[in-house]
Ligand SMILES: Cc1cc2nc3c(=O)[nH]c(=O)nc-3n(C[C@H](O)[C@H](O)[C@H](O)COP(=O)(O)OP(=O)(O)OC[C@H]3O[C@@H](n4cnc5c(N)ncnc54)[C@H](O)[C@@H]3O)c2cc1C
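Before any questions on how it binds or moves, here is one chain, the form predicted alone, in structure tokens.
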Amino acid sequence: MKKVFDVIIIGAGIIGLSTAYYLTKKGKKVLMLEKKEIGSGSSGACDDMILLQSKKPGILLQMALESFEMYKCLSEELNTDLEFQTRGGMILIENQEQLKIMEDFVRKQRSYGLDVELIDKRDVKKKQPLVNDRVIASTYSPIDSQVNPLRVMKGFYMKSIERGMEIDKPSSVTALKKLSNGYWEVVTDNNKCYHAEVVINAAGAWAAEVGKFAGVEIPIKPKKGQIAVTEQIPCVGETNIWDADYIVTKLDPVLAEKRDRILAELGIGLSFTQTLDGNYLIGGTREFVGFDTKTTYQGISNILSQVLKFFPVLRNVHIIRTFAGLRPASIDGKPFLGEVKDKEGFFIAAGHEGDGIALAPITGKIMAQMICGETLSLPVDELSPDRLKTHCKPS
């Protein structure tokens, strides 16, 4: 006998789990399918950032600000310590070219309500006394935050299970078919068959592979990010740190052409954040290498060279492990949220790239609102799966 659900979610990463949480909160009968283990993809191999400063002014910054407000209450709501912390963040600026671009970037972000400012070298030293003198200025936002992704996923999962969500793992989708009665039929590799009015593709870096089963071509590719983890050490400075180099090259094509070849090829953008336990996460690369999740000497050594450039004091700190995850990168840098045209009942919630942790709460809330036919918390038309003329084939 086939089991029938209101919604089937494919992918038990942080986006799928958040969506399940908000759907079960509205009384929906949800099944989650996961081909490996909960959080075994990108969500379990990432850093801990809720970085607001990196978001371009527009819908992604609006979503990040909304998620930030939601995270403030989520530990209590989920009855789980999410290790949510607001330490603030700084993006270090090394030269006048970077400064000019970041001045304009900050001005636009402030117009969207982000609490961010530019500070001079003297104030940089007050917040980061151990930083190299090469830094001439920095952005500073007191609300950049962080959270433990594993605890967030556990919180969403446990509450959803309490409300009746079922999960089938390990279970890979082998077929998706729209039936004449309006339901979707989902067949898995363990010879199970499920029916649901709605299917949500929340498979992250594997979303394009899942889309093929429904006859939908989704322009999402895996982008590898390598990260190094230090031993537990005292705080290096007041805030978490990023560098401006990668950000400005995304904003200015001229600077992108001038960038160091190796850094450009590896897509290195420095992030330096400390966990509650005292370990620092140092990232990261952004590499299109398929589904390869192996760390490399070239990637890790260049990441460490970048952090030592800013903080030579770290030279004798031990690296205790390295890991890599696959960011789900869309062709235009924005996630796909919504129903696919001509595939009624087939939704996508994927393509967040490095913003999955930051945007998970608001993404889950909006997806639940869409499926329940409610007014959305934010207008996300520009994130529609059809904005890039997603191609559909008969399923």
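Start at 1 with the first residue shown and count on from there. The structure displayed is predicted, hence computed values, not measured ones.
FYI, the form predicted in complex with the named molecule isn't displayed, but the following is about it.
Although the partner isn't part of this model, could you tell me whether residue 225 comes within 4.5 Å of the named molecule in the predicted bound form, counting any heavy atom of the residue? Output for residue 225 is yes: heavy atoms within 4.5 Å of the named molecule.
Please check if residue 362 has a heavy atom lying within 4.5 Å of any heavy atom of the named molecule in the predicted bound form. Because no heavy atom of residue 362 falls inside 4.5 Å of the named molecule in the predicted bound form, the answer is no.
Could you tell me if residue 35 has a non-hydrogen atom within 4.5 Å of the named molecule in the predicted bound form? Close contact exists here: in the predicted bound form, residue 35 approaches the named molecule to within 4.5 Å, heavy atoms only.
is_contact(residue 338, the named molecule) in the predicted bound form, heavy atom dist at most 4.5 Å: No - in the predicted bound form, heavy atoms of residue 338 and the named molecule never come within 4.5 Å of each other.
Heavy atom within 4.5 Å of the named molecule in the predicted bound form: which of 30, 49, 368, 63? In short, 49.
Looking at 120-128, 243-251, 83-91, 197-205, which stretch has residues with any non-hydrogen atom within 4.5 Å of the named molecule in the predicted bound form? Looking at the other structure, the answer is 197-205.
Within 153-192, which residues have a heavy atom closer than or equal to 4.5 Å from the named molecule in the predicted bound form? Contacting residues: 171, 172, 173.
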